[in-house]
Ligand SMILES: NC(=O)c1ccc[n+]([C@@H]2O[C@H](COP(=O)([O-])OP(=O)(O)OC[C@H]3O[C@@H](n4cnc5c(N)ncnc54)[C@H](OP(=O)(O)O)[C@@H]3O)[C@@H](O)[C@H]2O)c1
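First, one chain by itself: the form predicted alone, in structure tokens.
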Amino acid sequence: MKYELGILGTGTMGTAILGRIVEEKKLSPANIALFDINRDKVLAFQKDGFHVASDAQEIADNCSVVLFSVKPQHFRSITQTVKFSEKNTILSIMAGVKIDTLRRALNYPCPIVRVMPNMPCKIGKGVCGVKFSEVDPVVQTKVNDWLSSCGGIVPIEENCFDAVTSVSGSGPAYIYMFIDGLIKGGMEGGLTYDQSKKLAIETMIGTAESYRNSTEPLSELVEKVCSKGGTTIEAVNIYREKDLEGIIVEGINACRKRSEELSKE
């Protein structure tokens, strides 16, 4: 095949993965072909050395791995008109589209890699849930190497992809909301926005890194920050009274159920 990677659709997440692969020198632009129905959008990549395909069939004919980076509701417009072959491995980041659903739509039993990335992949600090289906071990190694440029990789059984969506895929939105609350709380105490933002972000990052390297239960770590009659316990008591943990789980459950609904449509 002429190109190692072909990308159908230059949306936010697809281009984020593309950017990391190139930045980390996993592939050069000369080994990547792109197609997007919005011709003006994709032509912007041409000046950086990427090949811009004339149509989706050119991607299938010339690319070993084909990344589906289109909206889930649009992928059938590709599979109904494009002929894939045994030379193609499909890499899908489409939320809610199951492997069997995609394979049936392809009308060819292509090997498929299903991936659920998240927004921090753009800066190499994300995480990807990954499931390989009938993929050659050599190709698996190559795809894992590409995805490693985006951050962590977690092997996932397909029946857990809706859970992955609800935790890591959508998780950045929940964390942004918590950071927003920390910033606003600090400002109510007299801090400037910039001061409160720095304190909130560095606390969030440092706490996450501390827990990554800890073997202690989270409940014990919470208690270690608190002291009887101190300040932290006053906030923690409010959060427990309002059932902050329960609210978070309730939101994640709602997100997961919606992902399950979309996968059935």
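Numbering starts at 1 and follows the sequence shown. No experiment lies behind these values; they were computed from the predicted model shown.
What follows is about the form predicted in complex with the ligand, which we do not show.
The partner is not drawn, yet in the model of the complex one stretch among 130-138, 150-158, 89-97, 180-188 has residues with heavy atoms inside 4.5 Å of the ligand: 89-97. Looking at the ligand in the model of the complex, residues 35, 38 and 69 each place a heavy atom within 4.5 Å of it.
The ligand is not shown here, but in the model of the complex it comes within 4.5 Å of a heavy atom of residue 78. In the model of the complex, the ligand lies within 4.5 Å of some heavy atom of residue 74. Although the partner is absent here, residue 13 sits close enough that one of its heavy atoms falls within 4.5 Å of the ligand in the model of the complex. The ligand in the model of the complex is approached by residue 116, whose closest heavy atom lies within 4.5 angstroms of it.
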